[in-house]
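Shown here is one chain on its own, the form predicted alone, set out as structure tokens.
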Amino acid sequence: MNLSVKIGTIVMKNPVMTASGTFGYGPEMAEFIDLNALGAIVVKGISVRPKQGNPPPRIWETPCGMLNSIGLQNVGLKAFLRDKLPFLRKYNIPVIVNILGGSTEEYCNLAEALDGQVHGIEMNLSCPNVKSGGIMFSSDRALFTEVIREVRKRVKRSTLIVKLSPQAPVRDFSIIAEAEGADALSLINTIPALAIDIETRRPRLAKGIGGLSGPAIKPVAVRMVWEAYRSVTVPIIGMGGIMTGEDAIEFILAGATAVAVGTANFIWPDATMRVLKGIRDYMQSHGIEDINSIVGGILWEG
């Protein structure tokens, strides 16, 4: 039975990886699972300088999901390279770093510093461009095109992954990302949402709007993966509400080469291993020898 997949130049022993922001930097979860068993690890998003994040409350559980407004809290590039990356290098596992910035220059600086230091660089473009009045990179075609084009010039050795927002037209932005040099796509990011305390009449989160993740968004994510798969030829990493192996297979049938487990990690620290076992069980029960043989295997043209 072959579970190995390839994302750009990254060869993964299986298609199960972690979603950025749900697995820390690795050490936090190493006591619960064997990191070597993962297909790849995507660490918490990194910015040029450390970020403190938003004030609490910044997490709220919802029916079938979770709202979060962490505010991109992270240790910053320098501390990551000095304190976090050496630990990850002890393992036989591809390391992918999610990067975020407020300008094209910041994305370029991050990419240049990380290129060759890690196996993959995932661009989180659901950030406001501070030089353009706060317009999101992920929703403005011109900004989206420019930042990928400029980062591509700096990334020579690592695989470049572009993470798409559910708020943008998936077909159009997938095509742009591929045309500007993305080696792979990941989707989807969280969906902006709001929860209100009806007694106080105030938002449940200090900042009001948060990102919705978990099973509630899975059908949206599966649809977007399917649309992207029909639009581009680069590999796709699917995510959004994956709790079981069956969920992962759904994404793979829609067109995902690999899957990222996110919210489930907060419920079961070994969620990735549960998903991996579920994939194996499905393959065995259906006589599937190679996981790659069912990528995009949905029996419907739409």
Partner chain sequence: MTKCFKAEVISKEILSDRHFLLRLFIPADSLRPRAGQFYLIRTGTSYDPLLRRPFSVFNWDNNYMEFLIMKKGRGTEQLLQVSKGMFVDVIGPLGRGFPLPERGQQPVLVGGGIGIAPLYLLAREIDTQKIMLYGGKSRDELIAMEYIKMIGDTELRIFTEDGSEGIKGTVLDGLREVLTDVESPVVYICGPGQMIETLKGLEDLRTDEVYVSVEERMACGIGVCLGCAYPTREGMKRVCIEGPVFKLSEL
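Positions refer to the first chain, counted from 1. Computed from a predicted model, the values in this text were never measured in an experiment.
One more form of this protein should be noted, the form predicted together with the partner chain, which is absent from this view; the next part is about it.
**Q** Under a 4.5 Å heavy atom criterion, is Q73 part of the interface with the partner chain in the predicted bound form?
**A** Looking in the predicted bound form, residue contacts with the partner chain include Q73, since a heavy atom lies within 4.5 Å.
**Q** Tell me, yes or no, whether T18 is in contact with the partner chain in the predicted bound form, where a contact means a heavy atom of each within 4.5 Å.
**A** Taking the distances in the predicted bound form, the answer for T18 is no, it never comes within 4.5 Å of the partner chain.
**Q** Might L253 be said to contact the partner chain in the predicted bound form, defining contact as any heavy atom within 4.5 Å?
**A** No, L253 is distant from the partner.
**Q** I'd like to check something about N14: if you look in the predicted bound form, is any of its heavy atoms closer than or equal to 4.5 Å to a heavy atom of the partner chain?
**A** Looking in the predicted bound form, residue contacts with the partner chain do not include N14, since no heavy atom lies within 4.5 Å.
**Q** Scan M29, M273, V234, V48 and let me know which has any heavy atom within 4.5 Å of the partner chain in the predicted bound form.
**A** Only one option qualifies, and that one is M29.
**Q** Exactly one of P203, G102, P215, G211 has a non-hydrogen atom within 4.5 Å of the partner chain in the predicted bound form; which residue is it?
**A** The residue from P203, G102, P215, G211 that makes the contact is P215.
**Q** Just one stretch in 276 to 284, 20 to 28, 5 to 13, 290 to 298 has heavy atoms within 4.5 Å of the partner chain in the predicted bound form, so which one is it?
**A** After filtering at 4.5 Å, what remains is 20 to 28.
**Q** Give, in sequence order, every residue of 43 to 60 that has a heavy atom within 4.5 Å of the partner chain in the predicted bound form, or say none if there are no such residues.
**A** Counting only heavy atoms within 4.5 Å of the partner chain in the predicted bound form, the contacting residues of 43 to 60 are K44, Q52, N54, P55, P56, P57, R58, I59, W60.
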